[in-house]
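Next comes just one chain, in structure tokens: the form predicted alone.
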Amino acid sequence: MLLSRVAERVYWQARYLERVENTARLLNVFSTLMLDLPSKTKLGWHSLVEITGSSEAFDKKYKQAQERSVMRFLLAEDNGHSISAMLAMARENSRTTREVMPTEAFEQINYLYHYAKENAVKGEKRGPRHEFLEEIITGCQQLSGLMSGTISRDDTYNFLLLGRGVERADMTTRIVDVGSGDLLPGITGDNSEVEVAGPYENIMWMNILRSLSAYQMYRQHVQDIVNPEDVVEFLIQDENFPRAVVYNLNELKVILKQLPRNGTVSTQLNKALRVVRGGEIDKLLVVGLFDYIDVMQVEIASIHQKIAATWFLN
């Protein structure tokens, strides 16, 4: 068994890297969404901040959520929420656990950290933003493959998978939450009146799928046009898609069996699975998904709390 401090740092390294990749994916797709919608579309830029759970920090610094301020906040600022800040934290966790991690993994994290530090500010502008975000996404994917192919299947690997699974499940619920809410507050027509954004919702949900690299798998397995009910059900309850909430919770069950003293965490995990599987998406879309997603997020957060209480130092 790993030392508690080592297990915790490995776990958080995985969470930060997964969060970096998902944030980069989201920003990239959100920027592309602007090209698919009418030129006078008002996008809910604050939604991007809400997904990361950093609304309070953003609102203290900025009065309005505009494209430039949101991108600066989520790309370059030293605020604990930006891609640059999270890579710095992942790098520090990796640096202090080098005895249990492949050298190549630290080198890749170090490269991503320096690349973001030198280029994140450029990403505030639409022109170079796509190239910057693609480099971050590709780097994270390479790192995931590197770790999968070079780490022994021991406790180090198990805590990496725990961190990744908890973060991925949490991030998917956040993305679905914002997609069902205020991503498209309105379309400003030629007469400056706000029109209903309904006709553009399919484009929005299509981009939600793309932010999770889920569009192709959705089309293969759902075999229907993109619609809110099927998209939400696919991203939350599909048993086979690697970024779906249920899939990741099932993966956590497999990992927990290989760790000692897993009873408390397993109990909470089973509770979260019941909540996720029990949602009747068609009915929830009518009355609103917010309460259901809030409950899911609380249960997933409780999984993290039980993990920390069981294996990490106070």
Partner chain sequence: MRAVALFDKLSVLTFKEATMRVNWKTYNPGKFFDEIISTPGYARKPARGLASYLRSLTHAELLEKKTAADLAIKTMGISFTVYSDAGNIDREWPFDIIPRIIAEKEWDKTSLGLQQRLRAINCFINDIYNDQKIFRDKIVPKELILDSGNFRKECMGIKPRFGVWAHICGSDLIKDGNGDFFVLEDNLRVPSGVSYMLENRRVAKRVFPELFEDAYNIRPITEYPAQLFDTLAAISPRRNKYPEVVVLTPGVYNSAYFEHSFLAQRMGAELVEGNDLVVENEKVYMKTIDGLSQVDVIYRRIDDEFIDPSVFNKDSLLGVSGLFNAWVKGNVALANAPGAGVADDKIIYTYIPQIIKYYLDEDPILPNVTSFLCIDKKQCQHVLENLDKLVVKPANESGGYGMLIGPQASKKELDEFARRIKADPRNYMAQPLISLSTVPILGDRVVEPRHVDLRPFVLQADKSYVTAGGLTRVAMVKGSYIVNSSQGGGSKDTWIVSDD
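These numbers were taken from a predicted model, which means no experiment stands behind them. Positions refer to the first chain, counted from 1.
Form predicted in complex with the partner chain: not shown, discussed below.
- With the partner omitted here, the residue from 164, 81, 91, 243 that has a non-hydrogen atom within 4.5 angstroms of the partner chain in the predicted bound form is 91.
- Proximity to the partner chain in the predicted bound form, defined as a heavy atom within 4.5 Å, holds among 96, 237, 202, 213 only for 96.
- With the partner left out here, the partner chain still marks one of 272 to 280, 25 to 33, 256 to 264, 57 to 65 in the predicted bound form; by a 4.5 Å heavy atom cut-off that stretch is 256 to 264.
- Taken together, the three residues 7, 101 and 313 all lie with some non-hydrogen atom within 4.5 angstroms of the partner chain in the predicted bound form.
- The shortest heavy atom separation between residue 308 and the partner chain in the predicted bound form exceeds 4.5 Å.
- Among residues of the shown chain, residue 153 is not one whose heavy atoms approach the partner chain to within 4.5 Å in the predicted bound form.
- In the predicted bound form, at least one heavy atom of residue 106 sits within 4.5 Å of a heavy atom of the partner chain.
- Interface residue remark: residue 118 is counted as part of the site for the partner chain in the predicted bound form, having a heavy atom within 4.5 Å.
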